[in-house]
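A single chain, nothing else alongside it, follows as structure tokens in the form predicted on its own.
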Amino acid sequence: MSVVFSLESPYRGEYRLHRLTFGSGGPVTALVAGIHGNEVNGIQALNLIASMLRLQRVAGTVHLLPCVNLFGAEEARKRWPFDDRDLNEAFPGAADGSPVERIALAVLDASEADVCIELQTGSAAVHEAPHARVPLTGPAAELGRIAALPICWRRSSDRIDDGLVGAWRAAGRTALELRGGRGGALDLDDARTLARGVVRILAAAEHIGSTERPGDGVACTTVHDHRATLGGFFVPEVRVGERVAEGQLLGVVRAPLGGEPREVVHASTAGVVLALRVYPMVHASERLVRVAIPEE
């Protein structure tokens, strides 16, 4: 493990950006997690990957940056704790900029690679099924297919060219995002699923040998959001990753006091539950359930 960047802190120990490197030479793959401090599934997934790589003879080079926003992680905070800025909105960063901009630039430099993968989770209120977010076509889309997570969401470029992944793409690198779980909570099953997806990608790049079997996930280009029309207490009737039929009951928005039903939510189309509101207090227009519609 090496320290690739450090920064003085106003009231605690020095901030250090750590990188674990396995192997040498090319090709090079970089894996980054913990841009948001409370998104711990990616941290666990990369730690699982590190444990596996220590036992492998790695061809080429694999860089791991398991926990970028360490100070945020220590306080269970999504953002950089000193100024409450979102690190993912600071890319591509600046050498003479604010602390988050300097960290962003350091991450971009430390993750220089042929293939770059970021691991994230849903928000603290939303549980997301493990899935890949990739462009509609190209090498990154193929890597999303190879990862074989439960869902591969192929998206138009105007929806993916921001944050760290967008900065990687602007620099000409093959980049994709893997997501799963919810902020502020460690889900070991989701972390293991994400790790298995990364192993498949590393094996396809011939960094390692692998005995991982292909998954049976679905690909989609269209998702449908079911949103609350009024505030209340949302009680789901489905689980993340569950296949649902058109018209199936997804959940009920109830009165917080007394539990009387206010709004019954049914699936507008058949698909797979990609994201589910797990914190029950909701306001009008907030997303309750996101359903991925499988490609034909």
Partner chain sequence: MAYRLESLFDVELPTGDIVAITRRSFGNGEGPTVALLAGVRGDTPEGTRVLHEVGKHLLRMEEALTGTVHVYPCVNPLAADQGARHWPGLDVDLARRFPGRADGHAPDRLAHRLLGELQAADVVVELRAAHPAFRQVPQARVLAGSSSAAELAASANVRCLRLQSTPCASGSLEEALPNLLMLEGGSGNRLTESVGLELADGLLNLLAVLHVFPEGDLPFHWAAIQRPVICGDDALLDHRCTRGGLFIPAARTWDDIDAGALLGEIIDPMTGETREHITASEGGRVLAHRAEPVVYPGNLVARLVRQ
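In this text, all values refer to a predicted model and were calculated from it rather than measured experimentally. Numbering follows the first chain given and starts at 1.
Not on display, but discussed next: the form predicted in complex with its partner chain.
Note on the partner interface in the predicted complex: the residue among 135, 99, 184, 166 having a heavy atom within 4.5 angstroms of its partner chain is 99. Residues within 4.5 angstroms of its partner chain in the predicted complex, judged by any non-hydrogen atom, belong to 224-232 and to none of the other stretches in 265-273, 58-66, 224-232, 242-250. Looking at residue 285, you'd find a heavy atom of it within 4.5 angstroms of its partner chain in the predicted complex. For the chain shown alone, residue 9 is a contact residue for its partner chain in the predicted complex, at least one non-hydrogen atom being within 4.5 angstroms. Its partner chain in the predicted complex comes within 4.5 Å of no heavy atom belonging to residue 259. In the predicted complex, no heavy atom of residue 91 sits within 4.5 Å of its partner chain. In the predicted complex, 79, 80, 82, 83, 96 are the residues of 75-96 with at least one heavy atom within 4.5 Å of its partner chain, listed from first to last.
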